Each structure stands twice: as structure tokens, then as C-alpha cells.
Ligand code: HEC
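Let's start with one chain on its own, the form predicted on its own, as C-alpha cells.
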């Protein structure tokens, strides 16, 4: 008869009680950790962000109906896939686009369109940087104003011309003009010390210097920008181009092709694809002689009221090379000092005093009594000497898009005389033979 195994050997072994409690503790700890993570990573940052977004440092009107429609068009065209709307806490970003983006600037955005890729430039500070006609020309044919751009055209937003935008295009333009509007209204607002306390102190110090009020977007045309200076100093610097002794001709030609040829044409004659949609038309740089100071000032300040932006983001040596290249575009012989006889110049001065001095000023420097109310500003004839043919054409046709009207009542003799006088106002640089 087979032996029967002891009952103790057949019984199921029992785990100690504490082992079961360990499972319970681990389960409860896991749930607790998940809840804590949800609160710490999801709820608290959201509450802090909501508080920061609610503490606006400027008057921020909500989007209008047109701006909301434009925002939807921006999304539907996929603009956010190539353009960001966030200036990062990096000196390179701040130099180019302005103060870093803070949460309160996007209080009306849901969802935010900050983006992650910069195939195209950041748009967080787009308002006021480009004129409406430039923006529309850029949407219609991007390469016409930005040679080499990877942006596709959107001709279906127009009726066969950038000057004839559809409602969708004007709505999109309205939305683009809101980007940076809040920060522009609070241009003197300081960075939040509490929000940025974790940033590297040296990095924050550099950013604060760059953001010193009044801060101007480097690409935004400004009537009040200081004189041309070195971009390594945000507020003060030399008053003229540097490195003039270097051979910068090739560099200037390259920069002109990359940045200027879209509007002024590859030869600088203003004959470009973009010119059809821009008003005032881009200047024909071959029809006038420009002084170094005049060109440097234009590149540094831009031309407010036109599609000409400022180029303060370029290095001083690059600006100097551009100045040198543009000066080579005018090939007419120098004739200052032998423009006309004294009687003709006296008659021209009389005609000028009656018709031109209120805008161009007594000395022709563009600072006449009416100049401050005009945008674009009147030409500074002490730093720009137009060819006689250009002066005659302006007197006959005016300059569309500016305050310069035609003067049909002038006699031929008066036209010839005032043309000679206007050209005599140009201040010949020292050392240049007459």
C-alpha cells in the first residue's frame, strides 16, 4: 500500500503578510506619483502661464473679425510650418527681432502659433516692419522681393496682380500686422525678473542691454534712429562706415544681389518684378549720386512710409560694402561746381525758394517747415545729386506715393534753372575733384 504524503507537504505555501502589503504600497505610490506629476507638470504650469498671460503690460485689443479670419488663413496656408512666432532668449534672436517673447503677448492666441522651424524668418515682431504693398507683393510672388526665397507664391489670393488683393489677402495682412503689436505698445516694458530668474546671469545681462528702451526692431524703418553705428553697440558707435580701406566691392555686390536686387533690380535701375506692386517705386540708383553719409543713413534708418526697411541687423563692414557698391552704380561724370552760370543759379534759387523750400529746406537737407508732417520724408539734396534728366522728370510728373507733386506751371527756363540749382546743393565730399 502506497504511503500517503503528509498534509503539510500538500498544502499551498503562504506568503508572508508583509509581501502583500508591499504590492499595495507600490500601487498607491504609483497612483500618487502619477497624480503629483500631473499636477506639477500639467496643472501648475498652466496656472502660472495663465497668470502671466493675464498680467499684460500694455493695452491689448482683442482680435477683430478680419484679424481672426486672417489668422485662420495663416493656419490653412501652413505658414506656421516655416515661420515661428517666438523670439527666444538668445542674443542673436534679440538683435534681429527685438525683446524675447513673453506669455502675456499671446493672451488672445489659442492655440499659440509659436512654431518650431525657421525655414523663413520669425514673425513675432512683424507689425510695422514692412509696408502693406511689400507684404502683398511678397504673398503674390515671394521671389520678386526676396531673391532666393523658398516660400511658395499664393496667386489665388489676388486678382492677377499684387495691387488687387482678395478679401482673404487683406485679412491675412491684417493678422500679420498684429504680430508684435502688444510688445510695440509696451516698448519700454522691462523683462520680468521673476520669470527669468533661472536664466544664466551673463546671458540675461546681454539681453537686457540689447533690449534697453527705447528698443527698435532692427529691420523697422525709423525716423528717429540714431546715426549709422556698429551693431556690436546697441546705442552708441561710430558715425560712419568702417573698414573703408578694405576691398569690399565683391562683398557689396553679393549683398546687393541677396537683399536689394528684388526691389531695385539686379542692375540697380529699379526695373524689378516687385516694382509693379510697390508705391512709391523703388529708386533707380543709377540716376543719382549719393554721398557715403547719405547712403549709410538710409541703410541704417530705412525709409519710413515706403517698402525700404532698415538694415541694422547687418554688420558695419557689410553696410560699408553696400554703400561702396551702390556708389559704383552711378556712372555719370562729376560736374559739381560747373553746373550753370551764376545768373541761372540765382534764378533757380528764386524758383526753389517759392516752390521747394517748405519741404526740402533752405539748404536742401530735407528739413523744411513741412517736412516733419510728411512720410516719406523729402529728399536730402545735400547727400543726393539727381541727374538733370531725373529732376526734369520729377518736376513734370511728381513722385507717386510721396508728397512731391508735379509743377506744370513752371516755364522751361524756370525748370532748367531750378534743375541746375537743385543739383548744386549736393555737398561734394572732401578730396573729390570738381
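Numbering follows the first chain given and starts at 1. Only a predicted model underlies this, so the values are computations on that prediction, with no experimental measurement involved.
Only in words, not in the display: the form predicted together with the named molecule, which the text now covers.
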Next on the checklist: Even though the partner isn't displayed, in the model of the complex is residue 405 close enough to the named molecule, meaning a heavy atom within 4.5 Å?
Outcome noted: yes
Checklist entry - If you check in the model of the complex, is residue 183 within 4.5 Å of the named molecule, heavy atoms only? => result no
Next on the checklist: I'd like to know if residue 130 sits close to the named molecule in the model of the complex, meaning any non-hydrogen atom pair within 4.5 angstroms.
Outcome noted: yes
Next on the checklist: Within 4.5 Å, heavy atoms only: does residue 259 come near the named molecule in the model of the complex?
Outcome noted: yes
Checklist entry - Out of 174, 87, 303, 320, which one falls within 4.5 Å of the named molecule in the model of the complex, going by heavy atoms? => result 303
Item to check | Selected contact from 167, 119, 343, 209, since only one has a non-hydrogen atom within 4.5 angstroms of the named molecule in the model of the complex | outcome: 119
Checklist outcome for this item: For the named molecule in the model of the complex, the stretch among 78-86, 158-166, 107-115, 201-209 with residues bearing a heavy atom within 4.5 Å is 78-86
Item to check | in the model of the complex: members of 137-163 within 4.5 Å of the named molecule, any heavy atom | outcome: 138, 139, 142, 145, 146, 149, 150, 151, 152, 154
